[in-house]
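In structure tokens, the next block holds one chain alone, the form predicted alone.
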């Protein structure tokens, strides 16, 4: 039932029929009013002719109004198989000369020689009456006689019903025919949607190709374009996930195989020195594997396909960068590297996710420490440039060739003859976080053409707003 109520075909039919029904009712009311008008018009004229015929029988004898009407004429006047006929004739003084004394006078008497129609009650019956003012000039009486003829409404109501029936039957047939044509038209109009539904129903869950737009209604084209765009993004996301899984499995297979080999060698050795050496190699492989898994998990959290939402907050970059630098002081001292921090302003605020920004800066510092030789220098700088906050990490390492500066952000990509035990994921994580914050990252030579300087630019809150 819920699906039927949301059916587009059902809603279109209901709306169109809802417009046809009021038209039918309006036609019925109009037909009723017209039928009553014309039936009253026809019978009013007949009633007036009867009043004129009765007025022809009025005479004045010695100043008195008399009616010389034979009984057969009276019977003929009063006879009607459908209605009761009543009449009344009064003299100029208002005295009833002949007819029903209970027949009420009109509220507005007619002018001499004129007539007026009105509705009244007689003996508990609704009657339609006509009053004719008969002038008595040229006779021995003065003034005018009033001739009234009335009849019940049986014939009028019957005629009105016949007219309404004759008019309503064709209208009802037209409405039914229109409803059938509307149903046919709606079904034909929605046929392209049904074909699209069947095309989707017959598709495999692995088929994410674009939906053909040929022959689709114009109103559906924006929906199809949006769906095709969604399909393309899904294909790209799935392909990216598959590449990620393939690369991750390849990267993890080597240290796992090394661990297994070294463990087997340690089990076969009896010399404590060789066993110690094998255990040290196992420990080094474990550290590398732990770092790889940590980087893989971090990349999975920050990439767009993870579905993780950014918790936007106002963040002061100065204490955040200082805190991350403090976390890496021990590593820098162990490698005899001078790790420094500089800030041009005491407070520089941006909008972003604090955990993701910490992860981004930690990867930049870790990357710089890994590829900077002993007694080198790594400097973290936070500054503001117009409407942008800038976060720079500069080292005195061997530097990055210009042709490699775009590829270093690819997953698992490492420079040839790179020192250290990195896995090639740190800068990929940095790029994803920068893109999630609508920022940009640039790679340049360090000061005096030595080392590398990576600069991240983020919009300030006012500029972003």
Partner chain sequence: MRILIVEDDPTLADGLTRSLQQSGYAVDCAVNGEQASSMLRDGVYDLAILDLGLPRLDGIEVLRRLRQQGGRTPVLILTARDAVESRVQGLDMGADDYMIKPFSLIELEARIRALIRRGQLGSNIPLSCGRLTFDPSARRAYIENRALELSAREIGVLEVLMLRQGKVVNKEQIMEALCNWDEDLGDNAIEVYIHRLRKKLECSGVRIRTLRGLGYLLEAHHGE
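Residue numbers count along the first chain shown, from 1. Quick caveat, the model's predicted, so the values are computed rather than measured.
Keep in mind that the form predicted in complex with the partner chain is missing from the display, and what follows is about it.
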Checklist entry - Applying a 4.5 Å heavy atom distance criterion, does residue 379 contact the partner chain in the predicted complex? => result yes
Item to check | Residue contact check: residue 333 to the partner chain in the predicted complex, 4.5 Å heavy atom | outcome: yes
Item to check | residue 322: touches the partner chain in the predicted complex, heavy atom cutoff 4.5 angstroms | outcome: yes
Checklist entry - Any chance residue 92 has a heavy atom within 4.5 Å of the partner chain in the predicted complex? => result no
Checklist outcome for this item: Which of 335 to 343, 115 to 123, 219 to 227, 100 to 108 lies within 4.5 Å of the partner chain in the predicted complex, heavy atoms considered? The stretch 335 to 343
Checklist entry - Do heavy atoms from each of 193, 204 and 234 fall within 4.5 Å of the partner chain in the predicted complex? => result no
Checklist entry - Using a 4.5 Å cut on heavy atoms, which of 326, 246, 176, 169 is close to the partner chain in the predicted complex? => result 326
Checklist entry - Here the chain is shown alone; which of 210, 383, 355, 238 has a heavy atom within 4.5 Å of the partner chain in the predicted complex? => result 355
